[in-house]
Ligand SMILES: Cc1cc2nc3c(=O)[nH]c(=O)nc-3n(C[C@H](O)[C@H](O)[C@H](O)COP(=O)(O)OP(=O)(O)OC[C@H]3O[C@@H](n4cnc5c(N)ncnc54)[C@H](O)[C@@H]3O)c2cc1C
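Before any questions on how it binds or moves, here is one chain, the form predicted alone, in C-alpha coordinates.
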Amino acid sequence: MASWELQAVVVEHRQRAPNQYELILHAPPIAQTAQPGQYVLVRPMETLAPLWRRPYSILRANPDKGVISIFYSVQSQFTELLSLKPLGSQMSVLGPLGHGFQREQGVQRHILVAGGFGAPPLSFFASRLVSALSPDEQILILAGARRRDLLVGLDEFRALGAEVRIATEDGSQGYAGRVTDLLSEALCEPLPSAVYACGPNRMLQMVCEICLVGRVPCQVSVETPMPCGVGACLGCAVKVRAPNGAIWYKRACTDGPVFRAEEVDWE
(Lines give C-alpha, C1' and ligand atoms only; values in the text may rest on other atoms or scores of the structure.)
Protein backbone atom coordinates (compact mmCIF):
# COMPACT_ATOMS: atom_id res chain seq x y z
CA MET A 1 0.00 0.00 0.00
CA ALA A 2 1.29 3.45 -0.89
CA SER A 3 2.45 5.91 1.75
CA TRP A 4 3.50 9.53 1.64
CA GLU A 5 5.97 11.75 3.45
CA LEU A 6 4.67 15.31 3.59
CA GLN A 7 4.45 18.52 5.56
CA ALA A 8 0.97 18.43 7.09
CA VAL A 9 -0.70 21.63 8.22
CA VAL A 10 -2.30 21.83 11.66
CA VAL A 11 -5.91 22.84 11.02
CA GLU A 12 -7.31 22.20 14.50
CA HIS A 13 -5.91 21.32 17.90
CA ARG A 14 -8.43 20.24 20.52
CA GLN A 15 -7.87 19.56 24.19
CA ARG A 16 -10.02 16.54 25.00
CA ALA A 17 -9.19 16.19 28.70
CA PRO A 18 -6.41 17.25 31.05
CA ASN A 19 -3.14 16.50 29.20
CA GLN A 20 -5.06 14.81 26.34
CA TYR A 21 -5.29 16.30 22.85
CA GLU A 22 -6.58 15.62 19.36
CA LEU A 23 -4.39 17.02 16.58
CA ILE A 24 -6.11 17.47 13.21
CA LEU A 25 -3.81 17.62 10.20
CA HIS A 26 -4.40 18.49 6.55
CA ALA A 27 -2.80 15.56 4.73
CA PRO A 28 -5.02 14.73 1.70
CA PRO A 29 -3.25 11.66 0.26
CA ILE A 30 -3.09 10.04 3.70
CA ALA A 31 -6.73 10.88 4.45
CA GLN A 32 -7.84 9.37 1.16
CA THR A 33 -6.10 6.01 1.64
CA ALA A 34 -5.84 5.43 5.41
CA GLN A 35 -7.53 2.31 6.77
CA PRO A 36 -8.53 1.62 10.40
CA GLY A 37 -5.65 0.27 12.42
CA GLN A 38 -2.98 1.92 10.28
CA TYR A 39 -0.76 4.61 11.77
CA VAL A 40 1.40 7.60 10.89
CA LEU A 41 4.89 8.58 12.01
CA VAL A 42 5.17 12.22 13.03
CA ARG A 43 7.96 14.64 13.85
CA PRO A 44 6.85 17.91 15.48
CA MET A 45 10.01 19.88 14.75
CA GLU A 46 12.58 19.84 11.93
CA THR A 47 15.45 19.49 14.37
CA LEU A 48 17.81 16.73 15.48
CA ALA A 49 16.01 16.46 18.80
CA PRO A 50 13.83 14.50 18.93
CA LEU A 51 15.67 12.43 16.32
CA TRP A 52 13.15 9.66 15.72
CA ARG A 53 9.57 10.05 14.60
CA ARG A 54 6.88 8.58 16.84
CA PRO A 55 3.98 6.37 15.71
CA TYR A 56 0.37 7.38 16.31
CA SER A 57 -2.73 5.46 15.35
CA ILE A 58 -5.16 7.34 13.15
CA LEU A 59 -8.22 8.36 15.15
CA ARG A 60 -10.25 9.47 12.14
CA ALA A 61 -9.76 10.24 8.46
CA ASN A 62 -11.98 12.45 6.30
CA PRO A 63 -11.16 11.96 2.61
CA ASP A 64 -13.51 14.77 1.52
CA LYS A 65 -11.77 17.37 3.69
CA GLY A 66 -8.35 15.79 3.31
CA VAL A 67 -7.72 15.64 7.06
CA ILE A 68 -6.64 13.04 9.58
CA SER A 69 -6.47 13.27 13.34
CA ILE A 70 -4.30 11.67 15.99
CA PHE A 71 -4.83 11.46 19.73
CA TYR A 72 -2.03 11.89 22.24
CA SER A 73 -1.38 12.41 25.92
CA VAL A 74 1.32 14.80 27.14
CA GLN A 75 3.78 12.53 28.93
CA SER A 76 7.22 13.40 27.52
CA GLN A 77 9.28 16.06 25.79
CA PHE A 78 8.05 14.76 22.44
CA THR A 79 4.37 15.09 23.31
CA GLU A 80 5.03 18.45 24.97
CA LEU A 81 6.33 19.66 21.60
CA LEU A 82 3.19 18.30 19.92
CA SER A 83 0.99 20.18 22.38
CA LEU A 84 2.69 23.46 21.43
CA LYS A 85 1.92 23.20 17.70
CA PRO A 86 -0.24 26.23 16.75
CA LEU A 87 -2.89 26.37 14.02
CA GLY A 88 -1.33 26.88 10.61
CA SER A 89 2.01 25.35 11.57
CA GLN A 90 3.45 22.37 9.76
CA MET A 91 4.87 19.04 10.84
CA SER A 92 6.44 16.12 9.05
CA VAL A 93 4.11 13.12 8.65
CA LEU A 94 4.79 9.73 7.06
CA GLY A 95 1.91 7.40 6.31
CA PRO A 96 -0.40 5.63 6.21
CA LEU A 97 1.71 2.72 7.41
CA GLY A 98 1.18 -0.89 8.39
CA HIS A 99 -1.75 -3.27 8.10
CA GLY A 100 -4.95 -2.57 9.99
CA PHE A 101 -8.13 -4.31 11.10
CA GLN A 102 -10.16 -6.43 8.69
CA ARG A 103 -13.85 -7.06 9.16
CA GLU A 104 -14.53 -10.69 10.08
CA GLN A 105 -17.20 -12.43 8.03
CA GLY A 106 -19.92 -14.78 9.21
CA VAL A 107 -20.49 -13.24 12.66
CA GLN A 108 -23.41 -11.33 14.15
CA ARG A 109 -21.51 -9.23 16.66
CA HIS A 110 -18.25 -7.32 16.39
CA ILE A 111 -16.74 -6.77 19.85
CA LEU A 112 -14.19 -3.96 20.07
CA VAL A 113 -12.02 -4.05 23.22
CA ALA A 114 -10.35 -0.71 23.96
CA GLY A 115 -7.80 -0.48 26.75
CA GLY A 116 -7.18 3.16 27.71
CA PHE A 117 -5.29 4.96 24.95
CA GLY A 118 -5.83 1.97 22.68
CA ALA A 119 -9.23 3.42 21.74
CA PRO A 120 -8.30 5.64 18.73
CA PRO A 121 -7.77 2.96 16.03
CA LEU A 122 -10.88 1.12 17.23
CA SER A 123 -12.89 4.34 17.00
CA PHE A 124 -11.77 4.72 13.39
CA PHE A 125 -12.59 1.06 12.73
CA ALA A 126 -16.03 1.35 14.32
CA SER A 127 -16.87 4.41 12.20
CA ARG A 128 -16.15 2.45 9.02
CA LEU A 129 -17.68 -0.78 10.30
CA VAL A 130 -21.04 0.71 11.28
CA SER A 131 -21.84 1.75 7.71
CA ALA A 132 -21.10 -1.76 6.41
CA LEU A 133 -23.18 -3.78 8.87
CA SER A 134 -26.03 -5.96 7.68
CA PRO A 135 -29.36 -5.70 9.55
CA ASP A 136 -28.54 -8.71 11.74
CA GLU A 137 -25.09 -7.46 12.80
CA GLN A 138 -24.19 -5.26 15.77
CA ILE A 139 -21.21 -3.61 17.44
CA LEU A 140 -20.36 -3.92 21.12
CA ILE A 141 -17.70 -1.65 22.62
CA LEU A 142 -15.85 -2.74 25.76
CA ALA A 143 -13.80 0.17 27.10
CA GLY A 144 -11.47 -0.21 30.05
CA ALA A 145 -8.84 1.74 31.97
CA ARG A 146 -7.27 1.92 35.40
CA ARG A 147 -9.54 4.85 36.31
CA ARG A 148 -12.26 6.93 34.66
CA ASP A 149 -10.06 9.87 33.57
CA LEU A 150 -8.01 7.46 31.44
CA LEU A 151 -11.02 6.27 29.41
CA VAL A 152 -10.76 7.48 25.81
CA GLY A 153 -13.18 7.66 22.88
CA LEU A 154 -16.47 7.12 24.69
CA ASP A 155 -18.18 10.05 22.94
CA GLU A 156 -17.17 8.75 19.50
CA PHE A 157 -18.33 5.23 20.27
CA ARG A 158 -21.69 6.38 21.63
CA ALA A 159 -22.24 8.72 18.68
CA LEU A 160 -22.21 5.67 16.41
CA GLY A 161 -25.13 4.17 18.29
CA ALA A 162 -23.09 1.23 19.51
CA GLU A 163 -23.61 -0.41 22.88
CA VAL A 164 -20.79 0.62 25.24
CA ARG A 165 -19.81 -1.28 28.39
CA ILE A 166 -17.19 0.25 30.68
CA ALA A 167 -14.76 -1.18 33.20
CA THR A 168 -12.34 0.64 35.48
CA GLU A 169 -9.95 -1.18 37.75
CA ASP A 170 -10.59 1.24 40.64
CA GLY A 171 -14.38 1.14 40.15
CA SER A 172 -14.64 4.88 39.41
CA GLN A 173 -16.91 4.20 36.38
CA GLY A 174 -18.81 1.16 35.22
CA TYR A 175 -17.80 -2.34 36.25
CA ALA A 176 -15.11 -2.51 38.94
CA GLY A 177 -12.46 -4.73 37.39
CA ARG A 178 -10.71 -5.45 34.13
CA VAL A 179 -12.17 -5.00 30.68
CA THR A 180 -11.20 -8.61 29.96
CA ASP A 181 -13.77 -9.65 32.57
CA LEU A 182 -16.41 -7.91 30.44
CA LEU A 183 -15.12 -9.75 27.39
CA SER A 184 -15.44 -13.15 29.07
CA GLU A 185 -18.97 -12.24 30.11
CA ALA A 186 -19.93 -11.02 26.63
CA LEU A 187 -18.64 -14.18 24.97
CA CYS A 188 -20.96 -16.23 27.16
CA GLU A 189 -23.88 -14.62 25.34
CA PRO A 190 -25.25 -16.77 22.48
CA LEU A 191 -24.13 -14.62 19.54
CA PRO A 192 -21.46 -15.59 17.00
CA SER A 193 -18.84 -12.91 17.62
CA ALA A 194 -15.47 -11.60 16.49
CA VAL A 195 -13.10 -9.57 18.66
CA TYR A 196 -10.82 -6.66 17.77
CA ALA A 197 -8.59 -5.17 20.47
CA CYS A 198 -6.03 -2.46 21.11
CA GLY A 199 -4.40 -1.51 24.39
CA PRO A 200 -1.54 -2.53 26.67
CA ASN A 201 0.13 -5.78 25.65
CA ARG A 202 -0.76 -7.50 28.92
CA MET A 203 -4.42 -6.83 28.17
CA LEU A 204 -3.99 -8.03 24.59
CA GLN A 205 -2.43 -11.26 25.81
CA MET A 206 -5.44 -11.94 28.02
CA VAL A 207 -7.82 -11.09 25.15
CA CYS A 208 -5.99 -13.56 22.90
CA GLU A 209 -6.08 -16.30 25.52
CA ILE A 210 -9.81 -15.85 26.08
CA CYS A 211 -10.58 -15.89 22.36
CA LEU A 212 -8.34 -18.85 21.57
CA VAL A 213 -9.98 -20.94 24.29
CA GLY A 214 -13.41 -19.97 22.99
CA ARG A 215 -12.38 -20.32 19.33
CA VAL A 216 -13.48 -16.75 18.66
CA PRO A 217 -11.89 -14.89 15.71
CA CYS A 218 -9.67 -12.18 17.16
CA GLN A 219 -7.38 -9.43 15.88
CA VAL A 220 -5.11 -7.36 18.11
CA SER A 221 -3.07 -4.22 17.49
CA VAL A 222 0.18 -4.74 19.36
CA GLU A 223 1.96 -2.03 21.32
CA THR A 224 5.66 -1.78 20.40
CA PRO A 225 8.20 0.90 19.43
CA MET A 226 8.27 1.52 15.67
CA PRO A 227 11.14 3.98 15.05
CA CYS A 228 11.46 3.74 11.27
CA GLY A 229 8.08 2.52 10.00
CA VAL A 230 9.58 0.76 6.98
CA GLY A 231 10.98 -2.42 8.51
CA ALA A 232 14.63 -1.39 8.34
CA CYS A 233 15.62 -0.93 12.00
CA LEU A 234 14.02 -4.16 13.33
CA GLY A 235 13.12 -2.34 16.54
CA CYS A 236 9.53 -3.59 16.45
CA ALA A 237 10.01 -7.37 16.15
CA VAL A 238 7.02 -9.41 17.30
CA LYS A 239 7.39 -13.10 18.13
CA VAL A 240 4.89 -15.15 16.12
CA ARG A 241 3.89 -18.78 15.67
CA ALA A 242 3.41 -20.59 12.37
CA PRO A 243 0.53 -23.09 11.94
CA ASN A 244 3.09 -25.90 12.23
CA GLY A 245 4.33 -24.54 15.57
CA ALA A 246 7.54 -22.97 14.28
CA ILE A 247 8.58 -19.67 15.87
CA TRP A 248 9.91 -16.66 14.04
CA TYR A 249 9.55 -12.88 14.08
CA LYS A 250 7.52 -10.33 12.14
CA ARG A 251 7.94 -6.56 12.02
CA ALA A 252 5.02 -4.75 13.64
CA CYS A 253 5.62 -1.64 11.55
CA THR A 254 5.09 -3.38 8.20
CA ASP A 255 3.52 -6.80 8.93
CA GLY A 256 1.26 -5.32 11.64
CA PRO A 257 0.57 -3.62 13.92
CA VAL A 258 -2.59 -5.73 13.71
CA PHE A 259 -2.09 -9.49 14.04
CA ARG A 260 -4.43 -12.41 14.48
CA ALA A 261 -4.61 -13.87 17.99
CA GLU A 262 -3.30 -17.26 16.92
CA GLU A 263 -0.18 -15.67 15.42
CA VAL A 264 1.28 -13.86 18.43
CA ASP A 265 3.55 -15.73 20.86
CA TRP A 266 3.42 -13.80 24.14
CA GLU A 267 6.01 -15.94 25.94
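Start at 1 and count along the sequence shown; that's the residue number. These numbers were taken from a predicted model, which means no experiment stands behind them.
The same protein also has a form predicted in complex with the named molecule, omitted here; what follows describes it.
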Review point. Does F124 reach the named molecule in the model of the complex, with heavy atoms at most 4.5 Å apart?
Key: no
Review point. Using 4.5 Å between non-hydrogen atoms, is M226 touching the named molecule in the model of the complex?
Key: yes
Review point. Though only this chain appears here, would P55 touch the named molecule in the model of the complex if you measure heavy atom gaps against 4.5 Å?
Key: yes
Review point. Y72: heavy atom within 4.5 Å of the named molecule in the model of the complex?
Key: yes
Review point. 83 to 91, 113 to 121, 173 to 181, 157 to 165: which one contacts the named molecule in the model of the complex at 4.5 Å, heavy atom to heavy atom?
Key: 113 to 121
**Study point:** Residues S76, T79 and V222 all lining the named molecule in the model of the complex, heavy atom within 4.5 Å
**Key:** yes
Review point. Who in 242 to 267 is close to the named molecule in the model of the complex, meaning a heavy atom within 4.5 Å?
Key: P257
